[in-house]
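As a starting point, one isolated chain is supplied in structure tokens, in the form predicted alone.
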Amino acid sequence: MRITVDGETLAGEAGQTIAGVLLAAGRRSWRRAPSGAPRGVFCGIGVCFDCLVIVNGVRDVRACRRRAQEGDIVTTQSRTEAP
């Protein structure tokens, strides 16, 4: 299974979350908090919202909860960006 993250194609396993694909690719953070601190997976269960990404044009998707699907287009986002 392959997804595209910020224009880069990443391979993952069926059933893997988007966060799992990102972590397996060596990415530990993929967004910035308003303070500028790096954010990625913190809780891993969808409680903290630190891992938000845009998936297929939908903002604020929790990467730790969303199963990656073939062909997903993922864009990283910042909490300071306007919708």
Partner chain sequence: MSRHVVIVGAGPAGLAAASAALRAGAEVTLIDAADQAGGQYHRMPPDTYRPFRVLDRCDWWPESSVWSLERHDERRPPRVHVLTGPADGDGRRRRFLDPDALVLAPGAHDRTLPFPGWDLPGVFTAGAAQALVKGERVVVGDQVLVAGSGPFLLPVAASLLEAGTRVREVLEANPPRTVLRGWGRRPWELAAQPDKAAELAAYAARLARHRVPYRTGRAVIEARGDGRVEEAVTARLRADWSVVPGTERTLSVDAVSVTHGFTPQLELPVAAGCVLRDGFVLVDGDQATSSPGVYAAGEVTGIAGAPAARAEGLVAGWTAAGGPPSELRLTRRRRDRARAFGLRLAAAHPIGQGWPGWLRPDTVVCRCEETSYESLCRAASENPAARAVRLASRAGLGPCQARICGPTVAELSPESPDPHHRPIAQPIRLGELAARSEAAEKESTP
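A quick note: this is a predicted structure, and the numbers were derived from the prediction, not measured. Residue numbers count along the first chain shown, from 1.
The same protein also exists as the form predicted together with its partner chain; that form is not shown, yet it is the one meant from here on.
Heavy atoms within 4.5 Å of its partner chain in the model of the complex: does G15 have any?
Contact check for G15: yes, within 4.5 Å of its partner chain in the model of the complex.
Spell out, yes or no, whether the shortest heavy atom distance between V74 and its partner chain in the model of the complex is within 4.5 Å.
No.
May I ask you to state whether V61 is within 4.5 Å of its partner chain in the model of the complex, using heavy atom distances?
Within the cut-off, so yes.
Taking heavy atoms and a 4.5 Å cut-off, does L23 contact its partner chain in the model of the complex?
L23: contacts its partner chain in the model of the complex.
Taking only heavy atoms into account, state which residues of 33-47 are within 4.5 Å of its partner chain in the model of the complex, ordered by sequence.
Going through 33-47 in order - heavy atoms within 4.5 Å of its partner chain in the model of the complex - the hits are A33, P34, S35, A37, P38, R39, V41, F42, C43, G44, I45, V47.
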